[in-house]
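The data below hold one chain only, encoded as structure tokens and taken in the form predicted alone.
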């Protein structure tokens, strides 16, 4: 009997279509356009369907990656999204902003002989496919009669609420702002995370029966002890890290110097890019310096470019190898004309007669031995100071938790940084029935790590409620 020839392995991944460069730098529409059906099937067929897949080990939310990709390859798109949603209620979000290249794709066996399979882009494809058709509400377990308060509607809060609702619990989400989504809404620009996608994912959570309360700042409206006295059996804290960090340099209070938090909230949540249709202008000059090199810094720089800046610099004290932003975001930024000013650290700001920033003194750096972060320590080079002419500065060097809940919840143990101390496996805080996860625990981290923490906490909360 004649053997069938083995199909040739395609070592190169299917590229993701993008908006044309000359168009995208002038709008806030999504840059990555997503796979077509043919492109998705072609990419899915690159999966080796390993007997012992490693990719799933790198997924914080435990998706059966091999199974959903096989279903895409067979053009069973409805079954594929159903398989993803067994574990992940927010796939359209994860498919866009999860750092797959460091997690599931980093473990992909195909990556040993060529490009790893684009798992995140395939997840996005099936999520967008379902959105076009209309998402079906999954079956829920019988009501348990237990009520859970979820504080914060960011990625940790939404995934916790969704998982608990599916298990039959009554869930109420308290969101301090006037829109759902947390960092997904106020922190990530529309060209990377369209707000209609966040809204659609939030609507899915609503369809599960989750009640949403907006403009509800816990710590002011109610305290956690009050929630536990008034009908809630458990509480999950997923309030993220929303307080900006500053450099502490001379003249840092000059006009035109923004924290990345303020800058991105004005752009994303308050739609300053659509002024005067939205009456929330933001002043952006011709020469913009963004301090930092994470995803928030890249987002800020690319927003500044779209708001009319002629020159935008990423000013970073280490080299390109140490930049914490996703490689894809650095690549997009450079394509769009963002200039990397590496091994450079600001030391002082200078203003004009009206109190607006006009110059920034910097010092050149060299790299020494690795520090606690594992990256090489930046060391100032003596007498290497120089002046940069700038009229806007965005400081994107990290964010810390808002302390209001910690200050109004007696007995809640926290670290010196203001993060909440929890059991890593369960998310349990020092208080019975109170759990936490995401950036409020770890400090500023990734969307998918927050979602993973939310899923672990949801399982633990369910066990606690059923064995109370």
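What you see is a predicted model, and the numbers here were worked out from it, not measured in a lab. Positions refer to the first chain, counted from 1.
Separately, the form predicted together with a small molecule exists; it is not shown, and the next lines address it.
Comparing 283 to 291, 211 to 219, 139 to 147, 109 to 117 against the small molecule in the model of the complex, the single stretch with non-hydrogen atoms within 4.5 angstroms of it is 211 to 219. Although the partner is absent here, residue 105 sits far enough away that none of its heavy atoms falls within 4.5 Å of the small molecule in the model of the complex.
The small molecule is not shown here, but in the model of the complex it comes within 4.5 Å of a heavy atom of residue 447. Contact annotation: residue 88 falls outside 4.5 Å of the small molecule in the model of the complex, judged by heavy atom distances. A residue is said to contact a partner when one of its heavy atoms sits within 4.5 Å of a partner heavy atom; residue 163 fails this definition for the small molecule in the model of the complex, lying far away. Just one of 39, 409, 402, 428 comes within 4.5 Å of the small molecule in the model of the complex, counting any heavy atom, and that one is 402. This chain lacks the partner; the member of 296, 198, 333, 234 within 4.5 angstroms of the small molecule in the model of the complex by a non-hydrogen atom is 296. The three marked residues, 176, 192 and 439, each reach the small molecule in the model of the complex, with a heavy atom inside 4.5 Å.
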